[in-house]
Each structure stands twice: as C-alpha cells, then as structure tokens.
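You are given structure tokens for the same protein chain in two forms, set apart as structure 1 and structure 2.
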Structure 1
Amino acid sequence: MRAHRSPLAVVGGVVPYVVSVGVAFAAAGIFLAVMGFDVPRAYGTILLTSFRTANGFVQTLLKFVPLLLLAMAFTVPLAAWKFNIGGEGQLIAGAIGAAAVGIALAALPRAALLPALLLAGVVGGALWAGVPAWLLYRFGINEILTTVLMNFVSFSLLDYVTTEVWPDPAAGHPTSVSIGAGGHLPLLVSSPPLHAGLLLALGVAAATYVYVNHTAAGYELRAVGANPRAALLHGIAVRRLFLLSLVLGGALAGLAGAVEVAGVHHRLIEGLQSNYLLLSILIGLIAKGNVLAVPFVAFAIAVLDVGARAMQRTMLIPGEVVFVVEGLILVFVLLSDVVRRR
C-alpha cells in the first residue's frame, strides 16, 4: 500500500499485533486454567509442535499452502471491498476440475498432465466464483450471500462426484479414484514428503502482491475499494472491477484445490476443504487486507492449527481453544485500529 514506510511505522504496525496475541493467549489461558488444564504445557505444545521435528514443520508447511492461497482469495476481492466468503466452494470446484483432468487424461505424461490439471483447478475456481460475480454484476446481488450459498452447493457436488461419478469402491469414505501419476506434484523433500505446491503458492502470492500493490490495475482495484463513488467519477468501470476481483479470488482458491489434489490426496476426498475457509477469512481480516502481511499471518495460523491438533491428541484439550484464541486476536487487532484513530 504505502510505498515508503519508515522503520518506526513498521514497528508501530507490529506492536498492536504483539499486544493482541498476548492478551488473547492470556484470556484463553485463564479460561483453561479455571477448567483445570495444564496451561504452560498446553501452550508449549501449541507453539512448539511445528518446530520440534521435521515432521511437524512439514505438516505446518502443508497446511500453510492452502491457507495462503485461500487467504489471498479472500484478500484480493477485499481490496475492492468485496467479501468473498465462498473460498471453500471455489477450492472444491478447483479440486474437482483438477481431478477430472487427472482422471480422464491419466495416461498423459507429466509435462502435459500437471499443467493441464493445475489450469483446470484455476478455471474451476474462477467459474465457481464467476456465478456470484455475475449475479453481482448483472443483478446487483450482495456477494456475501451468494458466495456463501455456492459453498453449500459445492459440498453436495463433491459428494455426488465422489460417490456417483468417479467412486472408489474400495474406500469407506466418499472418495474418487486416483489421478494419473503424471498429475502428482513433484516433491521438494521426500521424507517427510513435502510437495512443490509450496513454491507455487509462494510464487503466486508474490505475483498477486505485485498485481495489487504495484500495477495500475491493482491501483484501480484499491481505489474502488476505498471509495467506489469517487472511482466511478474518475472513469473506473467499478462493476467490472468487482466482477474481476471476485473471479481472481476464485482462481486463487481453485488453485488451492488443485494443489491439494495434485500434492496431498492425489484424488478427491469428501471434506478435503477442511476448515480452511474460516481460517482464511480470519487471516485476511487479521492482515487487514494487506497482501504483504497475509503470508506471515497465514504461517502463524498454520503453526497454531498444527499445534492445536497435537495438543488435542496428547492432552485431550479440545483444539477449538485455538479458534477462540484466534477470534480474540482478531477482535483485539480490529480494536487496536479504533484506539489509534482516537
């Protein structure tokens, strides 16, 4: 956003986060202590699981990849002040598109199959977001509503595809047959396996940052978000930009779906969207729509998520505690803006 930031301003921007995180953890800690749990050990597990072993770190990176892409899918439309709550559906549509290519063209060599599969994911996500985008463009229908409604449609579609179209009869859970080996993302590290989707996601995130913050088109996007009326008066095609921002978001979420299929599952599995949508909205809001901050927040959230699961396994404390901590962090971060405005 602002091109020239003094180091002091950057520090000033970080302080509210540190305070927010501290207060949120303290509040949840008091709650847990009252419930009779061992708080220091619980927090130790949450914060350190990702860094103690190679396995834990790779787990975190694998979570970071979809979170980063989905948080970008929320943040890009947010620059135009459009709310994309449909990342989950777009991820699923991307995953289905990728799997369709991976299954139908399984015989193709990797050089052809992998790019086609990733592209199919991007297109699937863009088309899925295209429906609410078009409804907004053509009829002015509020996108918060339609993007979220499309999520529920996608759950049923995924169930249908995995049980009726390409079912794997051997699996107990609704699951499709596998994609061709040529559609697998190459591994960066083989044990524990870490796929190259990490580099892809980081590259795409960097490109998105450049697009939003350092191009004329991105400037228009932000201008529309800041003041749609003024933007309209300056001759920016506001409605078309709304459409574009949502479709771009959908493309990013669709890519996340394709990466999950090509890198992690190698097939469609019901529930592959996990709770990424909620977390990605959280990341986007904590980052306050700043594209540059998104990767850092996404990584922190991935650390918390992996840690929470470990804590639930070893200490039988419900992992949802972390959600509440995250919710509190968000509230405090938002409040810090109010404090500074005064």
Structure 2
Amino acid sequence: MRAHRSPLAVVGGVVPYVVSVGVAFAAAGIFLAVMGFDVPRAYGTILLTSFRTANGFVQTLLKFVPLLLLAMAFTVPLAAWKFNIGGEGQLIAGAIGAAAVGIALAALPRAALLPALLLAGVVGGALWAGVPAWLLYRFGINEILTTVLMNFVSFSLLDYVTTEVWPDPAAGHPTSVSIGAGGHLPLLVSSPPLHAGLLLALGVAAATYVYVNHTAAGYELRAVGANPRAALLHGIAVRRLFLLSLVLGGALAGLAGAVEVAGVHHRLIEGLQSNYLLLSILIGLIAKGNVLAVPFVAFAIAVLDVGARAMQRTMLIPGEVVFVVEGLILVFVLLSDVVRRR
C-alpha cells in the first residue's frame, strides 16, 4: 500500500514542518516582545526545563503518556480519513469508567482491580466514541461535528460525577473520593514518582503501529482512507471501517483517561483533560498520520508544553500566551500543508 520513500524524500517531508514550527516561534517571540517579556529567557525556559532536573524530565514523561495515547486516538481514525475531535470527551469517559471500578471494587487485590480498571477505561472511551461512530454509520452525520459536541457533554458529566455521585467533601475543588490502592499503577521510579503507564503507552503505540501497518485490517483501513470509492469497488466494507476506526480511537483515548486516574490523580478531578485535545491534534498533523512518528512528535510537544508552563510560573507570563504559542504552531503547520499541495 505504502510506497517506499527515500531518505531524501523523508527529509524533504519533515523540513516544511520544522520551518513551520520555527516561523510559529518567531511570531510568538514578536508577540512576547511586544508584551514586554524577555524573549531569549522565555524560549530558554521552554526548551530546557524538561532537561535541567530529574523532576522536570519526569513531569515531561507524565505529560507524554496521555499525549501519546490521545495522538494515537486521533491518528488511527485519520488512517481511514476520519477526524476524531472528541479525544477529550473519550478521555473523560474512560476516566469515569476507571474511577467507577476503582471506587466500587476498591477492596479487590491489585491483580484483579488494576486490569479491570484499565479495561473499564478502554470500554468507556470506546462507547463514548461509539455514539458519533454510529451516527456516521447509520445516518452519515459528519464525525467532526458530533465528536466535538460529545466533548461538551462529557464536561458536564464529569462535573456531575465529581460533585453529586462520588464527591470528596474535604476537597476544595470538584473531586471524587479516591479509588482503592489496588487500582494504582506501580511506580517505575519512586522519587520523583513515575508510574508504569509510560511502558503501557509505549506498548500500545507499538501494537497500534503493527495493526495499522502490518495487518490486513490495517491495510483495509489505509485503503479506505486513500480512496474510499476504490476500496468500496474492491469489496471493502467502507462504512464499517469508518465506525471501527472511530471506536478504536475512542478506546485509546479512554485508556489515557484510565491511566491518568490510576497513575496520577488516583481519583476523578474536574479539568483532568487539561489541554490535551489541541496538542494531540497538533501531534497527529505534524506526524502526518504516520504512527511510527507519533511518539517522537508527542515527546517534543510534551517538552514544549512543560517548558511553556514553567515559563508561565517563573516569568508570570499569562497562561493565554501559552495557548497563543500552541495555536500559532497549529496554524503554521496547517498552512505548510496547504502550500505543499499547491
């Protein structure tokens, strides 16, 4: 399906994105300078925070785990040329499913509770994505619209669950009670703490790569994305694969939510979806649907995000500026794609 590309062609494909990111940083630098901030110090903070201390590196890896899974949740449907913009909602659905198991079955030993919790996250995300997938399959309703709308429903659902179903009255923020200790992911490093979700996410990414690039089902998925009409003429169930790709994406996002509950928060917290949606779409677009490239791009974006938030704390730069920088990168990456196609 996929033609062999020479190293020169691969480099040629990467250069426009590197230039796009560089232009975005230049534009953001002008923006920061106009606001009166020290631009070299700001960019030094962004690029080096992840590597100056062990804590900074661990924080980057903790950010990398959900970004990698959510970027995969965007990339798998993209192989079938479907756009899953509902990663945040699916992550929340997975987190709620995982927390439900972690709270209701808290007395179970880890060998039983942790797998059940992670599986509940996968199922929760898949079911949440299944709604727009079914609407697409049954009525042909555009998945971009429905997956976005499902995000807003999930925000309200998370608020309801943390304040009405399992509220923690001692917390000053909408938060659920804690899950059982058996539902905590084991630690790879104790200080600073780094949970085993990192290995799980890398394993899932590897399995996703094999599925998309080295199985008959993955071949059909990419055939549908390349030319759905030709795929239909060759007997491939196009609409079924559209549905499947979105559900798989939802399962990956749901796993990200379960890992956040089991590895980081050990409970539900309003706002746990952070700013992951925009970043995961950015990763998927920069990787250009290449599953093998997603982990590398996800790590680079995690470095930038951790550095940008350190810049916000140490230089008192408004958080909105961080979103401006990330938004500029997304805009220039999209522009580079448009320019390349002309």
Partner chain sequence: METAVTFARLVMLTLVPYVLAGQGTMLAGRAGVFNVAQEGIMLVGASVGFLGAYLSGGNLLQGMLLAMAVGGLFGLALAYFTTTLKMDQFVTGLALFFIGMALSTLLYRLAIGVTLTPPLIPTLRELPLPGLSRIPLLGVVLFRQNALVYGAVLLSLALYLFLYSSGSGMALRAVGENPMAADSLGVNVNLTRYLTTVTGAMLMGLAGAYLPMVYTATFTEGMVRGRGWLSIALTFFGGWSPHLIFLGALFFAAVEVLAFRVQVTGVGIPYQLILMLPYLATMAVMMPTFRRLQVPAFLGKNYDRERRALL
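For residue numbers, the reference is structure 1: its sequence is counted from 1. Take the two forms, find the largest set of C-alpha atoms that superpose within 1.5 Å, and that set is the rigid core. Please read all numbers here as calculations on a predicted model, not as lab measurements.
A.B. asks: Only one of the two shown forms is the form predicted in complex with the partner chain, so please name it by number.
C.D. replies: Between the two, the form predicted in complex with the partner chain is shown as structure 1, not structure 2.
A.B. asks: Ala28: CA shift of at least 2 Å between structure 1 and structure 2 after core fit?
C.D. replies: It does shift by 2 Å or more.
A.B. asks: Just how large is the rotation of the smaller rigid part between structure 1 and structure 2, in degrees?
C.D. replies: Rotation between the two rigid parts between structure 1 and structure 2 amounts to 9 degrees.
A.B. asks: In Å, how far apart are the CA positions of Glu326 between structure 1 and structure 2 with the rigid core superposed?
C.D. replies: C-alpha displacement of Glu326 between structure 1 and structure 2: 4.3 Å.
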